[in-house]
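Only one chain is given next, in structure tokens, and it is the form predicted on its own.
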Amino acid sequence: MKLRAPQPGWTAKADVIVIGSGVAGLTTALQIRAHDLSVLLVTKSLIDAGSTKWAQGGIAAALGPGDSPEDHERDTLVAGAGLCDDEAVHVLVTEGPEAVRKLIARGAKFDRSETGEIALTREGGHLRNRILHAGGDATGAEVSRALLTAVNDDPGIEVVENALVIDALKNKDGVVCGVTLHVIGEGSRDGVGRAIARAVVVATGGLGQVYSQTTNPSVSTGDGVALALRAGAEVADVEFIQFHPTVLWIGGSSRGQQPLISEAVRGEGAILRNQKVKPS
């Protein structure tokens, strides 16, 4: 099934199209540029409007003395209670330290101890101090800032904001070769267009906003998953939708994005309690 839309009024071309401007999309775009390929990065809102900047807790990586990817892997599998993808966990823990070093090389500034080393703390599920923070509980915002700066400084990456991707385009062999998209409002292009590329990367994040209450931002509506399904892709693990474990309760009638209580709060030993307030 395809969405109904007018004929494309403009065409853009790049080696690779990346849909989404969170940490996944931005990092992918920069990695592609390392191979001297051009990138068209499209996002349905402003480039910094996704979930990444809302990540208040830290990044887990085996960087501290006495720690190892094997220890990190063991802790992760225990916390996953049999639901983990073992291969994905192995990639996460073994490539995580180098990924953090790349973030630092791209300008991300993490909190440091009095001796100048990266300050590591502990959060749920970890038996060693391996959590990096930036600005206390502004880790996601700092990572996003560093990646956005790198993307904006790269002339080989064209960014199109306010662009809702409608459908995947396929060539005569049934291989995806681009997308149709609708640029709304103050985008750098206007109206319905198409983008052609050698490959398309879907990095659009989650779909928490299908629920009436969530800590996910308003843009997390699952457009990328829907796009992939319409294109005939296999979609796995859609039952796993992230909800942050601690939220500030503001009443049963509240809707949309809810106030998140940082993972760092519990990591530092805080105990959260419910308190009923008697009406005056």
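Computed from a predicted model, the values in this text were never measured in an experiment. In case it trips you up, residue 1 is the first one in the sequence shown, and so on.
Quick note: we don't show the form predicted together with a small molecule, though the next part is all about it.
Checked against the small molecule in the predicted complex, the residues Ala228, Val219, Leu63, Ile32 give one hit for a heavy atom within 4.5 Å, which is Val219.
Using a 4.5 Å cutoff between non-hydrogen atoms, Val42 counts as a contact of the small molecule in the predicted complex. Proximity of Val165 to the small molecule in the predicted complex: non-hydrogen atoms within 4.5 Å are present.
The small molecule in the predicted complex is not approached by Ser68, whose heavy atoms all lie more than 4.5 angstroms from it.
Mapping the unseen interface onto this chain, Gln242 counts among the residues with a heavy atom inside 4.5 Å of the small molecule in the predicted complex. Only one segment in the set 208-216, 32-40, 248-256, 233-241 has residues whose heavy atoms sit within 4.5 Å of the small molecule in the predicted complex; it is 208-216.
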